[in-house]
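A lone chain, given as structure tokens: the form predicted on its own.
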């Protein structure tokens, strides 16, 4: 893979992780993920963000530096926008290869450089508004955007070109091929990266949505021509698309979101499963889109993505030993950790010798600000009566979703 020129003297250097590992050790990335670094080359040279020693990423970086005839000993500065190890895991080796390069990061970032990599020399702390002149008209401007998604995070802006190096902000899952810019992608590729940007946001950034909104507001005064994130494609034709997308995702944190419902269900012996079709029938009557996830077969990464954007949630689960079906308890715990709050919710499910799921459900979701419709519980197998009750309740939920959603149904 060759380095790609973004503007005069500015290049994207990237590596794809496709070895089947989990992102952050827990999120599936079946289509991989890209690690993007950047070169800004004036009289001095800055490398912006790094990679981890992961799936031969350092070798890909060195190959692409060679493709623009940039030997590593000519790198004067390493800009670290964010210290998470997927962007810095190669730092110790990089320092050995480039002892001359000065590291620039925020004060909190400098502390992490010390704690993660035991590096203290040639580390300079920068804050919002600080600049770095590289010569030949190239000037880097630093802006702190804390908690997007770690507290030390900043972005770097190259003033002459209007390129914003945003690190994790405005990123997505998904490997990147030869087509790295938004205007090089097919419609189907755009659909893919839209899905993966939502999943990435719900998995990685959702808990910090208020800080996303603050960051977008803080950066609104910059004339941004290109958004260059650390994961995913680069936006040069219409960078506003990914900004608006992130603003929309952040707005879901209030609870009302799209006029959609996420149905999460699990069944031990098929009795709860028998009413899934009843739930779908009721929702269909109201015409609301439904995202269906069977657990434990579906990874919570995908459930988070659709639950985050849905105004309504349907839970279908049996009671298990006086408590909730364990896979559902695990999913609901993760929804809480990612702050999937303020939803309209309906629950149905079977039990054997005793109920008990409701008590644990209430305990887990006590702080979620969920508005529950009356549940439908039944002993053993469901009858026609329960089928009709679930259908009616889901029709009621669908109407409530349409009424309370932040964004109306698309015609």
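As the structure is a prediction and not an experimental result, all values here were calculated from the model. Positions refer to the first chain, counted from 1.
Missing here is the form predicted in complex with a small molecule; even so, the following discussion is about that form.
Stretch 318 to 326 is the answer when you ask which of 282 to 290, 188 to 196, 318 to 326, 239 to 247 has residues with heavy atoms within 4.5 Å of the small molecule in the predicted bound form. Only one of 383, 354, 59, 67 comes within 4.5 Å of the small molecule in the predicted bound form through a heavy atom, and that residue is 354. Only one of the listed residues (270, 129, 137, 71) places a non-hydrogen atom within 4.5 angstroms of the small molecule in the predicted bound form, and that residue is 270. With a 4.5 Å cutoff on heavy atoms, residue 350 counts as touching the small molecule in the predicted bound form.
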